[in-house]
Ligand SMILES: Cc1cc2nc3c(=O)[nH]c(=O)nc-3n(C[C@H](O)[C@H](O)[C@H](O)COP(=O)(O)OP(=O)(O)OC[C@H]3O[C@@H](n4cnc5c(N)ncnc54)[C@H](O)[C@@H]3O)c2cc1C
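What follows is a single chain, given as structure tokens, in the form predicted on its own.
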């Protein structure tokens, strides 16, 4: 008879989070099964791109996959791609994907039979048994949901064939003609990637990028910066007090240093915040936090700026009112923010870059668990309720010692759950628990 201890940990999702957790578990002597629907392990959406224009948003020196070896990626580049080994640079994301797969391969070689990869779609979780779409059942001693970001929300404004609901879908942008005009819904990091791809492909059209506030990601600057020391006033008390104190620090240094000062404290501050404080942050500060916190490489920002200066890209604040099909295109009527007027953009394509649609109650895998009370949803609708330990919290408020959540699905608990520096620490802590 197989003992519970001998069973593997089942990891649903084989992107960065899932694959690197499997590697750390193997290094600690714990077997795992990684269930991933795509053909490659370790890449996810972010690192599966093969376009060199898609760059990391964190400096090379701080992108090591291991919590105690933050310079590991840079050292790997020095051996395999020395032309990209600048510690202050922002390497192509495809090289980071290669690094992850290289690390995974090395661990599999040194710890044989401790990582098993199953290509398939998880459709049900019963206890610690996962069922796949083909009916296969895999038994484990614990389940880790590391499914990454869900697909973008499908635009509800148009069902037209000229509306692209997922710019990451294979071939999605290839249908856009060289001189076609586009309207992009969303002005965040996905919008940036879309225009980098179009620009690299020789696109010469014009575009409007639209979001509620019209805010786009700010740029890093070259050179090493030090995190600014933050006074108590920037860390405690009401949010308006904290913002005022943070602005005062930024006035005498650089706002990037202030954001880096918050970086190591964000999870602790988020955990300490009550629901009302979190709600005020989401309602009033989140858009500004996002564009200052999740910055882009300087040369990437230069491409976006050049499109704007050439009159080919307008980043605007407003909301879409209607989308109507016309001959060989779409008429998009939108209301500029702060006015009662309307503008019309006649374009060939609408691209949805509004970001992932986190809704566990509608996801086919997690919805039954939410309905049954094994999982519960954060009061603010951010995602699943998760304890600081990473354990899922059920409807009755108890932590499930056999069900863990890692990465973007855990953002309600940690807020910062997508960047490698944050994820590698969570992976280390979770691997320690499970091993």
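In this text the structure is predicted, and so the values were computed from the model without any measurement. Numbering follows the first chain given and starts at 1.
Missing here is the form predicted in complex with the named molecule; even so, the following discussion is about that form.
*Asks:* Just to confirm the contact call: exactly one of 371-379, 25-33, 397-405, 58-66 touches the named molecule in the model of the complex at a 4.5 Å heavy atom cutoff, so which is it?
*Replies:* In short, 58-66.
*Asks:* According to a 4.5 angstroms non-hydrogen atom cut-off, is residue 266 in contact with the named molecule in the model of the complex?
*Replies:* Residue 266: no, not in contact with the named molecule in the model of the complex.
*Asks:* Does at least one non-hydrogen atom of residue 93 fall within 4.5 angstroms of the named molecule in the model of the complex?
*Replies:* Yes, contact at 4.5 Å.
*Asks:* Hey, in the model of the complex, does residue 211 get a heavy atom within 4.5 angstroms of the named molecule?
*Replies:* It does not: once the named molecule is placed as it appears in the model of the complex, residue 211 has no heavy atom within 4.5 Å of it.
*Asks:* So in the model of the complex, does any heavy atom of residue 53 sit within 4.5 Å of the named molecule?
*Replies:* The answer is no: residue 53 has no heavy atom within 4.5 Å of the named molecule.
*Asks:* In the model of the complex, which of the listed residues (101, 121, 346, 175) lies with a heavy atom within 4.5 Å of the named molecule?
*Replies:* Selected residue: 121.
*Asks:* So which of 167, 355, 148, 329 gets a non-hydrogen atom within 4.5 Å of the named molecule in the model of the complex?
*Replies:* In short, 148.
*Asks:* Note that the named molecule is not shown here; using its position in the model of the complex, name the residues of 186-200 with a heavy atom within 4.5 Å of it, in sequence order.
*Replies:* Stretch hits: a single one, 193.
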